[in-house]
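We give structure tokens for two forms of one protein chain below, kept apart as structure 1 and structure 2.
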Structure 1
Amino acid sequence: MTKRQNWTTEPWADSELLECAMVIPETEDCATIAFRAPSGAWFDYQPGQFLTFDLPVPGGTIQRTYTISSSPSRPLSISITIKAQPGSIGTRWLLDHLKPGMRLRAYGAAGQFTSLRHPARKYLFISAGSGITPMMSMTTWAWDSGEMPDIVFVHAARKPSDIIFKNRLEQFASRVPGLQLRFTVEQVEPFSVWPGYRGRLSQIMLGLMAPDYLEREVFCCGPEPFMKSVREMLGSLGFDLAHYHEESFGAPALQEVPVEPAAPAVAAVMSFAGSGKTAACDGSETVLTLAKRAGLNIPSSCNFGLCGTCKVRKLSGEVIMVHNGGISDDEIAADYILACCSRPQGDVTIDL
């Protein structure tokens, strides 16, 4: 007889390691990894959010962030869908070494990229490559809610066999009128019929795929050049970019900023309330760097203020924080900061 999981009524907390339950091949060098909580806890998050993992690669543990591809409407497990890129270390280790039964430390869920924060009657999801993962999470949530909204789902891939979740999305779309799939590929595979669009996504193509795009809430995820192209495309078509939302874990392009004369270095103290440790600071180093010097670990991933993994609460003092969207205005008002891009200005204490 198969042993059943003893599920609890408690939500999962990141103090508990996640256990790999299944590794499901998707496309070439791409797989979905399903995790469960050994305690039987269930998962509560928003569709489109992400997790950060400690990965024990050769040479030492590294942290990597992955979007959740499952939906919180199915709370007994949680999944990420990963695709190895040239030179990848963490993703390559997961694909080559992670097996059912192995456990990993994960942090989260976190992130602002979710349709639940922007309810609308009509959506336009635009993705490329592995950027399809948060769109799959949000679409599954809509399907499971029983009130499927009007979603035009646009996805760009190199070739048809690279389209992640193609069969599952087609199954959804074949059963509800509210989900319209629009796939485009750069090349067609030999000896196969491709009835979809062909070529890079363009203004003309977008107009054919979603003629009423001006009326839709747009979510976009993919490589930075792809998203930049979509932003420019929508902007030139008169779209109100206040209704445009994007997600990327690539470093943003560097921008020229005015440089003010540096103030004289001021000797100050960075204090960590929970551990009682301190570190001397002069305003030139980040809270994350100072924590590491004090022997403390703040989970982090992108290190440029985008992913939000290193969010901590400031108890006193002032910092200069230059972020790239990894923290909300409400969180800043509640005295949260991103450790990777916050520099103390005088004595500062954080809750760590």
Structure 2
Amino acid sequence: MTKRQNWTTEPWADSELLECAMVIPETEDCATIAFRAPSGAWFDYQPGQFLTFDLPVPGGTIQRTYTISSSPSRPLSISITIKAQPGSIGTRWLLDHLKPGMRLRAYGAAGQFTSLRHPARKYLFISAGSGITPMMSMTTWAWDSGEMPDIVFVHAARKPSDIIFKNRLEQFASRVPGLQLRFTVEQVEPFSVWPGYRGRLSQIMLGLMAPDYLEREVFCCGPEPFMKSVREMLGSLGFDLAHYHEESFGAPALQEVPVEPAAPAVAAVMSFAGSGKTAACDGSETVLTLAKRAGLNIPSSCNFGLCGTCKVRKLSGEVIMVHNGGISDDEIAADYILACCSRPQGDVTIDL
């Protein structure tokens, strides 16, 4: 066991590698990985935020973003909970290769999907699949903060054995009346009785699970079609969507944007000051794509302007950047851009 004196009073900074301390199997193809800071630093973040990791997979380093599933109320270690889908490269590598003692570079914590930004008396957490991770962090935080939580925790899974954190949540819920668990599954399993809900989340089910949903601050995380159906359901039930917050693990569905009459494409040059390389551009490609075409690597993870991994400094020129919160107003004012979602408008030079 780590000796008490090995911890320092310093918070972890992402310049220090994280050391894998434990790998805890959760469900099929899903595990929680706990990390510690070798220096003994502690972890300061907001429940619901994420980290981005460098993963040394065969063929080169790639970046992947994972929500922190632990709570900052337990600051001596930090955990992520990962689930690999068929065909996965990064998550599969973590599940198959990461062992206690190995060290990885991680960036963050970052993200705005946190109950701390939206204090409320009552919460409704709605998740599906690995979208349960931020809800686990926020629930543990609420529990540890010492106030009686008022959380209706709705989770949808394919089958009962796919429900991540089921035992831990039931342990929390067995001790206080304010945490109400509402699981729904699409299939039941042989040899065990399923006492919960069955089928996809519907308006009728939601009314039974959380009759006072109109009074609750809602946090939702899961596959895009799931979140879309929750959004539409709440909207059609008269819920004020100013109190609805969601986190996407993949690129959000493209929205129909009214298109201006097409301006003739202008040939321009994207320049990379550090390497002296250039790429021709016409405003249709992102800085990330142009860098790749010039033979340069800008680390990137989400590719939709959320994680902040691809931040670079613009030295001159204009870009159109459509991001999802991965960059702050101060950084924009200091001429930083997210390469994955910025398109040059004319000649642009970046510091790469």
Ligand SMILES: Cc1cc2nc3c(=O)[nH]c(=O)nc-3n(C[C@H](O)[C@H](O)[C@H](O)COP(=O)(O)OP(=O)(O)OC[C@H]3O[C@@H](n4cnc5c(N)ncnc54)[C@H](O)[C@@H]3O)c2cc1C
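Heads up, when I say rigid core I mean the largest set of C-alphas that superpose within 1.5 Å between the two forms. Residue numbering: structure 1 sequence, from 1. Everything numeric in this text was worked out from a predicted model, so none of it was measured.
Student: Have a look at both and say which one is the form predicted in complex with this ligand.
Tutor: Pick structure 2; the other is not the form predicted in complex with this ligand.
Student: When you overlay the rigid core, is the Cα of N324 off by 2 Å or more between structures 1 and 2?
Tutor: Moves: yes, 2 Å or greater.
Student: If we fit on the core, is the Cα of T27 displaced 2 Å or more between structures 1 and 2?
Tutor: It does not reach a 2 Å shift.
Student: Superpose on the rigid core, then tell me if the C-alpha of K314 is displaced by 2 angstroms or more between structures 1 and 2.
Tutor: Passes the 2 Å threshold, so yes.
Student: After superposing on the rigid core, how many Å does the CA of S300 move between structures 1 and 2?
Tutor: S300 is displaced by 3.0 Å at its C-alpha.
Student: Hey, core superposed, how many Å does D347 shift at the CA between structures 1 and 2?
Tutor: For D347, the alpha-carbon shift amounts to 8.6 Å.
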